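In the form predicted on its own, a lone chain appears below as structure tokens.
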Amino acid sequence: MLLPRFTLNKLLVRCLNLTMAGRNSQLTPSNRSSSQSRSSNSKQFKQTCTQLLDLPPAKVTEWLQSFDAVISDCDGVLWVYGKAIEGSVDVMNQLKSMGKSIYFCTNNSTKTRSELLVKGVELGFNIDQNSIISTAHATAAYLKQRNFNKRVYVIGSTGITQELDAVGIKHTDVGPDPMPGSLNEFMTQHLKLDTDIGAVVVGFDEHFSFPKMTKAATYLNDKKCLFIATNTDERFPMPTHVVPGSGSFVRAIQTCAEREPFIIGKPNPAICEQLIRANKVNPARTLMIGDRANTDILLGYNCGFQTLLVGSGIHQLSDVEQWKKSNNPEDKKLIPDVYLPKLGDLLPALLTDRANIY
């Protein structure tokens, strides 16, 4: 009886994992030389948007051996609205079982690292909290490093406030702040400003409102007040409509306040600076996976990572074709090294590579 391909893949995954049990691999001098050679070979794909599915198996194997660490975006790459994208769990777990360092890096500020860990584990990913990079956590860490001792006006969610609480930074509450009536009524009767605000932090806020924008811009009128954006993702397309992203709220406040924000998340390379500084990743041998070119792929470009664009989220091959034709050098930075329709499409190549090794 013939088994479906996904069933065969699952069985092979289990068999290979059993084969690997108890084995530890070490690099010999000759292996190191070979590793360096493979890293050099990976440059042939630099900003070409090569379709991995069109490459012969030997070339895909060569590419797989060109990186030791993987940093992956979450929404649109690993999962969508709480559901794992087909094959993503197996691919990430296989990469980890092959000895590659795995990190999740998300611009989503609505959850703490511990909440993201719970979500990832429930979906089946083999991940730990220290391997999760989130903008909510990074925002709190940034303020803590600056010895910030005032209060934060937060436009966002509990993901941000809980991370601020964890490092002892005071903040305003989050939630609805609706317009109570006319502009005159709001300004004369309801607008109340705190006097100890030293920073405005803007993330995703489903309760974004005119009063919040007014307060944020007013606080930012003081040039000493920090203006921090968790990220600038513009929107989240859905099958029948579009959901505004954090970047929409950031841009509104940026326009009103006439201030430029410090952006915590992707594509700012600062979000991966600690990994690089601690020698946890070698940029030349690190793969950045994403679905959004102006955050994920651009982060890879800014950090000197290899890049893989997947078509399961925001940007598609048609977008890449436009950037290739563009005369704007900024557009060229958005072109990934390689492309897959979805991350799960890499599973057959991973299984073949593992079978050849073991």
Partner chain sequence: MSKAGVVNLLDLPPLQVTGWLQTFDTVISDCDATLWHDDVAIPGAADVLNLLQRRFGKRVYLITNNGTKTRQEIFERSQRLGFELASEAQIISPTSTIVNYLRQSDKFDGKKQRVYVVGNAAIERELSGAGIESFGAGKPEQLDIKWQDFVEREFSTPTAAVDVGAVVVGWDEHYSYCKMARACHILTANPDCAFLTTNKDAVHKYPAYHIPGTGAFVAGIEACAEREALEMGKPNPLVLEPLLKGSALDVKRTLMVGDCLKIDVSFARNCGMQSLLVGTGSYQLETLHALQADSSASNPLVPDVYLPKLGDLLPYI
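In this text, all values refer to a predicted model and were calculated from it rather than measured experimentally. Residue numbers count along the first chain shown, from 1.
Note that the form predicted together with the partner chain isn't included here; everything after this is about it.
The partner chain in the model of the complex comes within 4.5 Å of no heavy atom belonging to Ile85. Remark: Asp165 does not count among the residues lining the partner chain in the model of the complex, judged by a heavy atom distance of 4.5 Å or less. In the model of the complex, His241 approaches the partner chain with a heavy atom inside 4.5 Å. Looking at Phe148, you'd find every heavy atom of it more than 4.5 angstroms from the partner chain in the model of the complex. Checking Phe227, Phe125, Phe236, Tyr103 for any heavy atom within 4.5 Å of the partner chain in the model of the complex turns up a single hit: Phe236.
Contact with the partner chain in the model of the complex, judged by any heavy atom within 4.5 Å, is made by just one of Ala141, Met187, Ala270, Val118: Met187. Comparing 281 to 289, 95 to 103, 216 to 224, 69 to 77 against the partner chain in the model of the complex, the single stretch with non-hydrogen atoms within 4.5 angstroms of it is 216 to 224. Residues of 179 to 197 lying near the partner chain in the model of the complex, listed in sequence order, are Met179, Leu183, Met187, Leu191, Leu193, the criterion being any heavy atom within 4.5 Å.
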